[in-house]
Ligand SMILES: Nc1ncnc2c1ncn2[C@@H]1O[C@H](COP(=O)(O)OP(=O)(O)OP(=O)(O)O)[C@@H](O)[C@H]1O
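Listed next as structure tokens is one chain, alone, in the form predicted alone.
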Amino acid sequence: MAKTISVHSFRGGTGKSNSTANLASMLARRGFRVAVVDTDIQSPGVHVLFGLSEDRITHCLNDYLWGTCQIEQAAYDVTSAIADADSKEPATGQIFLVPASLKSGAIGRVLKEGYDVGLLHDGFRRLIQQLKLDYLFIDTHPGVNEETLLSIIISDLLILVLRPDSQDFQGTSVTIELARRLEVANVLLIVNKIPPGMDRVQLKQKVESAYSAQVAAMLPLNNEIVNLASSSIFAIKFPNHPFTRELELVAQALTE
């Protein structure tokens, strides 16, 4: 049975989309059929990480929400993005991406008219069935809105990404409270962009105590990921980096 995972952050800039893309790629490398849906319709960007150029995109999530295509028509096979040129063992799984539109007119239409959020639920279920998925990742819009609440409700697991920052701590507290009111049973935390010299053990204890939730990964502030400039999947390019090794702990937890 497929597992649906929402990856969310209360504020932008936490590395949510990078975490989503890397975790999905790790699972596909392990032989699973995985899809990522970019529901951050107001500021999409996951397609860049997978090297999906705009000229390849004939349909997107917006088209499905406006009734002009089936959601599987907006799903693109991006398995080539997780191929490791230095590895003799190619990925045995498969990964698909449903991008949101980057066109200003489409984004403006969403902001002006909105869309039927209930269609997302139907689309997720259809995508799982049509693509025979093992995992569906939902890359959410930061903050709290109707789409975020729906994603949280229907997910088997909610992953919250935050930085060691007072504003992130407060925002995450709001999201955690909402998740518990919605009776979300499984919540994992990823603390990202931890600066050098910060006491990681103390930080982990502080976060777990504050939210009564498990910290699944402690990701260091990563200059290499900045230099990569979203040109590829970090964990594939740097499999032995401390950032990748921490995320591997999350990927392992998702398969158990």
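Residue numbers here begin at 1 and follow the sequence given. Small disclaimer: the values here were computed from a predicted structure and weren't measured.
Absent from the display: the form predicted in complex with this ligand. The rest refers to it.
Only one of the listed residues (142, 164, 93, 171) places a non-hydrogen atom within 4.5 angstroms of this ligand in the predicted complex, and that residue is 142.
Of the residues 59, 30, 193, 33, just one reaches this ligand in the predicted complex with a heavy atom at 4.5 Å or closer; this is 193.
The stretch in contact with this ligand in the predicted complex, judged by heavy atoms within 4.5 Å, is 213 to 221, chosen from 213 to 221, 195 to 203, 50 to 58, 64 to 72. Contact annotation: residue 242 falls outside 4.5 Å of this ligand in the predicted complex, judged by heavy atom distances. Contact annotation: residue 26 falls outside 4.5 Å of this ligand in the predicted complex, judged by heavy atom distances. This ligand is not drawn, but in the predicted complex it has a heavy atom within 4.5 Å of residue 225.
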